[in-house]
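Given as structure tokens, the chain that follows is alone and in the form predicted alone.
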Amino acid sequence: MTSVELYDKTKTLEMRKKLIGQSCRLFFSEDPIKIVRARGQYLYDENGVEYLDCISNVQHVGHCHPLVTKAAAAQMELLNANSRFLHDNIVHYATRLAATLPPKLSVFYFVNSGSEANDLALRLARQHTQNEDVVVLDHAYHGHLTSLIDISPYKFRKLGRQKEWVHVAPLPDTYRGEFRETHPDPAQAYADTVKEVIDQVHSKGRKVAAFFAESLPSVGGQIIMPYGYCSKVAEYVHAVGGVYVADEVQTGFGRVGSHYWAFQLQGEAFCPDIVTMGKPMGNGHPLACVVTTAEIAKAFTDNGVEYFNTFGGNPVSCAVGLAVLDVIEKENLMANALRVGGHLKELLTELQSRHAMMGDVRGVGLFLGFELVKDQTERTPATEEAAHMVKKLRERQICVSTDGPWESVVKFKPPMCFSMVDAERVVGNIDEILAGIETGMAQV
């Protein structure tokens, strides 16, 4: 036996169940797909069957992009070393990233994953403010480290524990939340709920270090923040000495199409104090980052404790990151996200007029979701029907998944090379599956 021996699917699944922790779940766990190669937005199983990938936001510019793999191999052959050696790649990469961000976000820390990035952001916020408490949004997920489980209601509610220094504000969801699309100013109303939480924190004699939020909450159900919400929240947080942390781990690098970073959807006047990034930046290579202001970085340095990350920002990782930036630019992938995402959203929205189960279509660029409901007026989540949708699409060689508090939102975060033809194929199949679901319900 060699290290590259390939098992058949049954054997692979048997060995995985034996050797890999069962909490490490697979997509389509009842009948997982064994993928052996991929290219662009397509996956291929051991039998050569092609699947359309609508959910791999990690492979940002497409699976196995030749320019990215070439850059990785070339740098690997030349040098890969501990990040504490002086090397050009890290400063070239930081310079390129800085050009996409507001000027005040000027100091970079490179790490290996979004979880590491968010953990470091938490440390930076606490060191700068000398406060401990964190305000987060309900249903949020920020990573798998212990510190991040503690600030992720999506996780800690399942574990039955909430730390005394963690405070939860309502998700600014204008479809399901307290303040909906008919409210005259949902941004202000939801921002005020954050202020109420902050006031409660201070009434207990505690102080806020940071407000932590995904720029577009994903696990919460592909939520689009009401315009102006983030600026107002930042105002409230700054007033008590805290900082605003924008988690761009899933939404950065042009996914929204119109802007490089999702927080920029809130307007030029809004700028977070700390931004975290990960997943897409290495196109599958472990690469992530924290960027912050010179003032916050200085406070972190002044604590006298050295920070280093053995692999974060190593020459190979930065070569990969630079290649990803090149592909985004050369292949006009932001424009593609805007055009294809807009078309996909229009097609999904059109289904609302013909299918009573299409409750809401939301998103921007190639960050989209639609929610299935049992009743459009009551907005009752159709959790089982959403799971059925995922299963039926998988049978048609289309890979999607669900999210949201009731797992009733079918989400799309495909590689940025997703095409108009792909969008039309997906919606055509959704149309047919919904018709089948609704016919079955009528017959019951």
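Just so you know, these numbers come straight off a predicted model, no measurement behind them. Note that residue numbering begins at 1 and tracks the sequence as displayed.
Keep in mind that the form predicted together with a further copy of the same chain is missing from the display, and what follows is about it.
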**Prompt:** Is it true that Gln41, Asp192 and His388 each have at least one non-hydrogen atom within 4.5 Å of a further copy of the same chain in the predicted bound form?
**Reply:** no
**Asked** Out of 339 to 347, 195 to 203, 110 to 118, 255 to 263, where are the residues with a heavy atom within 4.5 Å of a further copy of the same chain in the predicted bound form?
**Response** 110 to 118
**Request:** With a further copy of the same chain left out of view, choose which of Ser83, Thr129, Ser231, Thr100 has a non-hydrogen atom within 4.5 angstroms of it in the predicted bound form.
**Result:** Ser83
**Asked** Taking a further copy of the same chain in the predicted bound form as the reference, which of Gln162, Asn332, Ser106, Gln352 has a non-hydrogen atom within 4.5 Å?
**Response** Ser106
**Asked** Any chance Leu13 has a heavy atom within 4.5 Å of a further copy of the same chain in the predicted bound form?
**Response** yes
**Request:** Find out whether any non-hydrogen atom of Phe212 is located within 4.5 angstroms of a further copy of the same chain in the predicted bound form, and reply yes or no.
**Result:** no
**Request:** Considering only heavy atoms, tell me if Arg37 and a further copy of the same chain come within 4.5 Å of each other in the predicted bound form.
**Result:** yes
**Asked** Does a further copy of the same chain come within 4.5 Å of any heavy atom of His92 in the predicted bound form?
**Response** yes
**Item:** Sequence-ordered list of residues in 304 to 318 near a further copy of the same chain in the predicted bound form, where near means a heavy atom within 4.5 Å
**Value:** Val305, Glu306, Tyr307, Phe308, Asn309, Thr310, Phe311, Asn314, Ser317
